[in-house]
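One chain comes next, on its own, written as structure tokens: the form predicted on its own.
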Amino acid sequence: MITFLGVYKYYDSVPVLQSVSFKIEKGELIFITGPSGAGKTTLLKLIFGSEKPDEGEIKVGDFELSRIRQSEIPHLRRIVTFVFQDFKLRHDLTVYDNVALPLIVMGQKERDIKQKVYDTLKNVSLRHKADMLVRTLSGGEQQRVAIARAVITNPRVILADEPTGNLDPDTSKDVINLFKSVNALGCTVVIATHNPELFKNTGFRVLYLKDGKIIQ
């Protein structure tokens, strides 16, 4: 599903990723970990197509990201979605409107959007807060809204950058369980985190990054 082969990424001539190679299978849930500055976020941005590799090859599904045209990026984003560390929600909109946004952009019918949004909010236990403004929610609830928005288009890949970074341990566990539920439906999930408690003794594969290199 996702393949990196000899990937390098530089910022101002400084290598952020160096000779990174790995493969993530379709339907796999995988954790990427390492200290701050190790290159975790950059790696996710490369998969998402918001950055391009300076050297090497990246393939996501049928997309060759080292040679992808700008006009193809919207098609990539239909199969790959991103849950950001700071959520990137519209705080002036309701929970319902935030989750509906990707479907509106895709031009789906209002009747279909309504059903999908309510079903998705039910799955993340937020159906009862559909009409509330996002800014009134707790951090854990906002994270669940962000996850709902990411899954509503039925993507093949979900990327999550430090999805529990600002949450307490119990809420963090709930969020990871949500990702496990999404993964159980066949979606490939890639989670970047510096917190080993999220993946310790889970049995899921872990990639360790340090100084831009995979060390384990």
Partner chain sequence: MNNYLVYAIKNLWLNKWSSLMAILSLGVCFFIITLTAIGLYNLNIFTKKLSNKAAMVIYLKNGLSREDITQFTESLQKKDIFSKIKFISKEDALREMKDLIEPTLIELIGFNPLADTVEAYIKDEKLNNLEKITEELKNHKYVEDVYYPTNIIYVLKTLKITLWNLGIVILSLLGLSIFFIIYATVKNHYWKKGEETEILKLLGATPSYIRYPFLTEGGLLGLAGSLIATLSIFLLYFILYSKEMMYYLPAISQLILPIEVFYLLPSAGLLLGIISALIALGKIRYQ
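Please read these numbers as outputs of a predicted model, since none were measured by experiment. Numbering follows the first chain given and starts at 1.
Another form exists, predicted in complex with its partner chain; not displayed. Remarks below refer to it.
Visitor: If we define contact as a non-hydrogen atom of the residue within 4.5 angstroms of the partner, is residue 36 a contact of its partner chain in the model of the complex?
Guide: Output for residue 36 is no: heavy atoms all beyond 4.5 Å of its partner chain.
Visitor: Look up in the model of the complex whether residue 50 has a non-hydrogen atom within 4.5 angstroms of its partner chain, and give yes or no.
Guide: Yes - in the model of the complex, heavy atoms of residue 50 and its partner chain come within 4.5 Å of each other.
Visitor: With the partner left out of view, is residue 132 within 4.5 angstroms of its partner chain in the model of the complex by any non-hydrogen atom?
Guide: Flag for residue 132 set to no.
Visitor: My question is simply whether residue 114 lines the interface with its partner chain in the model of the complex - judged by any non-hydrogen atom within 4.5 Å.
Guide: Result no; residue 114 lies far from its partner chain in the model of the complex.
Visitor: For its partner chain, considered in the model of the complex: do all three of 147, 185 and 201 come within 4.5 Å of it, counting heavy atoms only?
Guide: Result no, not one residue of the spot touches its partner chain.
Visitor: Judged by heavy atom distances of 4.5 Å or less, which residues of 99-115 approach its partner chain in the model of the complex?
Guide: The stretch touches the partner through 101, 102, 104, 105.
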